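Coming up, as structure tokens: structure 1 and structure 2, two forms of one and the same protein chain.
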Structure 1
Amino acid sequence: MTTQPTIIARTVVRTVVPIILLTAIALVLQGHNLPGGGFIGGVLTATAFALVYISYGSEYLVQALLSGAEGAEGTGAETESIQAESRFLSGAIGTYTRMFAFGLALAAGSGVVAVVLGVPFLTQAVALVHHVPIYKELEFASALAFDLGVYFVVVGSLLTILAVVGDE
């Protein structure tokens, strides 16, 4: 796509993306009781990034996302072959792959905790906490950790695919 997105599109994206992200997070957190959950939240988050990507390009996305953490480009001192090697292990895609790896580890780890406690793999527990200010009663489900794992896997995977396909 050689044509640039219009100013209108960019402005709208700038306003809408935070709202989408907030909605996504809300969907993840409320998933246990209302429509939502890790999968939907993850896909929605990926969509938000896709919007940024389309309107501003991958460079911007990387800079905004990873400002300072690790640049998309290798430092000048590196030889080209090392750049080619590290291109997929650092930079944007590296972050995404690490993200879904983290998600998988989180989901599996939440299951292993159950094994450590002596119940079958992936058994979930729920704890109710009463007399909390404002919320009065709060429910903590161990399933949330698993759901967050799902969320990270989905976001990481979709962004990986998006970035790789977009690079072409």
Structure 2
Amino acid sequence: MTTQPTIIARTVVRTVVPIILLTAIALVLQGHNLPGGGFIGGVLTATAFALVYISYGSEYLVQALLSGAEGAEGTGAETESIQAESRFLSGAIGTYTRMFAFGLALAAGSGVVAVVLGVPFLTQAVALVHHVPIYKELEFASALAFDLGVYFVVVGSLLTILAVVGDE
């Protein structure tokens, strides 16, 4: 017999998950100057997804992630194929794997760009943006691309682990 989370737990998750995701975004954006960065932002994002997994089940999250693909145009066979893929957790694992690969390419690419420009690997450049709400002044360093890559690698890998373990 399986037990379902209570309505209180589901309501708390609906309230807490957006706060966690906003905190994760803030930590990723300020990571190269203050405590934070892609790793902790990715861990927080994976935690938000884990809460949704626990409260609503894996099918809910798979439908939420792949719903854009299901609504896309296509032949009946394509739509049927996408729906068949989304029925199983392997569809979600594929999405997480692509997220992992994108993050790895972005992190590595951010270092390679510096080499292409004739400076050592992962050398960063900085641009200041003034009059930004909340932050007033925001510094965009090329390290942000590396942080975003790390973010996607961490989110992709942790969600893959969560999906595989949750499937068993």
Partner chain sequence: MQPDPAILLSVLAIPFVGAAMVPLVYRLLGERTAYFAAGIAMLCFVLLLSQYENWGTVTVNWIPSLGVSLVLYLDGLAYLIALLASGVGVLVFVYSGGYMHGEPGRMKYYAALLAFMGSMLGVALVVDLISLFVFWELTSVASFILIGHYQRTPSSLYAARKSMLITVSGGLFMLVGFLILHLVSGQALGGMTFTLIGTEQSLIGIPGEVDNAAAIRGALHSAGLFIPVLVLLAIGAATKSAQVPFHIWLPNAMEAPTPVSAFLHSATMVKAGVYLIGRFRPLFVPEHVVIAEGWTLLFVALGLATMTIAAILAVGAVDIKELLAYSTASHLGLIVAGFGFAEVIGGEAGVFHILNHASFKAALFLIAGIIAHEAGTRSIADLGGLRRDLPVTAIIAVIASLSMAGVPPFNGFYSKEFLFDAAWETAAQTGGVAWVFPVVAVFGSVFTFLYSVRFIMLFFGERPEELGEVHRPPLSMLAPVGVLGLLVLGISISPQTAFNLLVGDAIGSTMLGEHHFKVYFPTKVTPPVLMSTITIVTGLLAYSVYDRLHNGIRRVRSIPPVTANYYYDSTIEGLGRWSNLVPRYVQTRILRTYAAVVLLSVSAIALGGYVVGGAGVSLAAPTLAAPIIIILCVAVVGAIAVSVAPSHIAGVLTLSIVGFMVAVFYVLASAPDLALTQLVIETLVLVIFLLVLDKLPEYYGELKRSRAVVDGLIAGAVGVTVALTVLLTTAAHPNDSIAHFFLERAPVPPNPDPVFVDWGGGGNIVNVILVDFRAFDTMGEISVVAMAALAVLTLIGMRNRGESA
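As the structure is a computational prediction, the values presented were derived from the model and not from experiment. Just so we're on the same page, rigid core means the largest C-alpha set that superposes within 1.5 Å between forms. Structure 1 provides the reference sequence; residues are numbered from 1 along it.
request  = Decide which single structure shows the form predicted together with its partner chain, answering 1 or 2.
outcome  = Note: form predicted together with its partner chain is structure 1; the other is not.
query = Is residue 26 one of the residues whose Cα moves 2 Å or more between structures 1 and 2, with the core superposed?
reply = It does not reach a 2 Å shift.
query = What is the Cα shift of residue 137 between structures 1 and 2 once the core is superposed, in angstrom?
reply = Comparing between structures 1 and 2 after core fitting, residue 137 shifts 4.5 Å at its C-alpha.
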